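Shown below, as structure tokens, is a lone chain in the form predicted on its own; questions about how it binds or moves come after it.
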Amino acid sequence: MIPLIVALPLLTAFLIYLALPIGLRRIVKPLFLAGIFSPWFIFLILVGKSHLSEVVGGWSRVSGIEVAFDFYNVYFILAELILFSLVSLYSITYFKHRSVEKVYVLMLLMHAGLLGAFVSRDLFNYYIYMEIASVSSFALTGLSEEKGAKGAAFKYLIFSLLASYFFVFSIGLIYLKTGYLNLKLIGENFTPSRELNAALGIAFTSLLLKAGIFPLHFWLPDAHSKAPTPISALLSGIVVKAPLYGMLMLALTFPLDEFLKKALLLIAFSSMFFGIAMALLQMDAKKLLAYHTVSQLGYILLGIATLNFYGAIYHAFAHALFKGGLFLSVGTLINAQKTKNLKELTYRHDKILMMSILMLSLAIGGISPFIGAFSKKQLLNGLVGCELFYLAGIGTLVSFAKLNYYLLTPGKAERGDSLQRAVSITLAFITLGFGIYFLPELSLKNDSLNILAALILFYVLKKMGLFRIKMKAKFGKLGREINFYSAVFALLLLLFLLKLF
């Protein structure tokens, strides 16, 4: 039953390509929607049952491919299904060019790849499905007509492939030392060794690069900001969760070395604050949101580094909803007004998008009763250094105070597409609904103080002229930039290997 959740999108992608040569273009859109929504039926059947696992084809666990449906992946799958379902509806009116069928097929492949990665309990199978999602992501990013999109897609491709090569090498080392690829069998039979420590160091470094976490974030802001709006929502909302899910599975299987946990903790906080700092300097609305993905991924990594797996899972779920919603809401404004410059964008003429962006801004800032308040509360369980955590929350609110300050500027503009606006506000209310479900009580005092502190800090930074600082590119050529950042990856990888081997 579990493999059907992956097989259905793959089947419909294949049927779309069969339909085109025989002139059945009219059934492409229904097939696309069927492929996106059909996994819901399998999910609803499985969700009422307890922990499930099966080996595909009835093979033994040693030689077969195991898939599972349990607490550790149910929220990843649910987030994927919610976001993909709404993005697919958004895409119907967004993509209007002649090769739209290719877009639909690539989105279905991404859909299948992510679901396959999330249900996998086999390292190599997880890697294969993650690559299917990644390849689709490169292609969909490059489809954007925006200047620089092809370069952003190429950079994304190069660094993702670099991460993949090293990750599959780490899988080989784990197989060499344990004799298994199945995570349960590895956990039951491995013996701690320097080689396994090195393999884990390589695997985590590779997945940090693939997720786009600071200091290996360099491909993410351009790829996420220059991709078509529905693809930006998928990339930031759910695609970057696949490597984080891999880290979660590794942390659940192996006892992590103390150095590795401390290093991941440092990287998590660094990513949180770096993303906020860079977002504050952006006047490109989508790039501001992209840097906040770098920041929010730090929160999820924080949960993994502290072995707070519940916190990591819930925040991954929350982030998929509010970040997907933010990209779609802001993207709808951009689509209608033909600019990404915050000084030229406005939502004063559109109360639906105003409400959507304000609600989602509160959600990402961790304000109750939105889902972000619950997930951040879970991350605080057992956390030492809460002051930094609270400071990052205020920094996030400052950044979104900036976003809403500029969007509140009076001005006349064309109203966005009705379906796109409806999808955007739906995601905003979903974040509210899940927030009330998980954490029904309000934190009025703390939330009011955080919002007040953020508004005061925003006003101070604005008076200091921080938002007038213009960011300049440091690299003249793409090749030079790729070489530099590849060296950064190599140095971090070398550091991990020297400490762990």
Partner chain sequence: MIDAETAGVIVMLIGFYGMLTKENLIKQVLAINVVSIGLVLFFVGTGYVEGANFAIAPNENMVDPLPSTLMLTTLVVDVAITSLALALILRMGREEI
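Numbering follows the first chain given and starts at 1. Just so it is clear, the model here is predicted, and its values are computed rather than measured.
The form predicted in complex with the partner chain exists for this protein as well; it is not shown, and the discussion that follows is about that form.
Three-residue candidate spot 187, 218 and 255; no residue lies within 4.5 angstroms of the partner chain in the predicted complex by any non-hydrogen atom.
Heavy atoms within 4.5 Å of the partner chain in the predicted complex are found in one stretch of 231 to 239, 419 to 427, 70 to 78, 173 to 181, which is 173 to 181. Interface residue remark: residue 395 is not counted as part of the site for the partner chain in the predicted complex, having no heavy atom within 4.5 Å. Contact check for residue 389: no non-hydrogen atom falls within 4.5 Å of the partner chain in the predicted complex.
Using a 4.5 Å cutoff between non-hydrogen atoms, residue 124 counts as a contact of the partner chain in the predicted complex. Residue 169 belongs to the set of residues with a heavy atom inside 4.5 Å of the partner chain in the predicted complex. Among the residues 103, 251, 128, 355, the one placing a heavy atom within 4.5 Å of the partner chain in the predicted complex is 128. Taking 263, 281, 139, 196 one by one, only a single residue has any non-hydrogen atom within 4.5 Å of the partner chain in the predicted complex, and it is 139. Heavy atoms closer than or equal to 4.5 Å to the partner chain in the predicted complex belong, across 143 to 162, to the residues 147, 148, 150, 151, 153, 154, 157, 158, 161, 162, ordered by sequence position.
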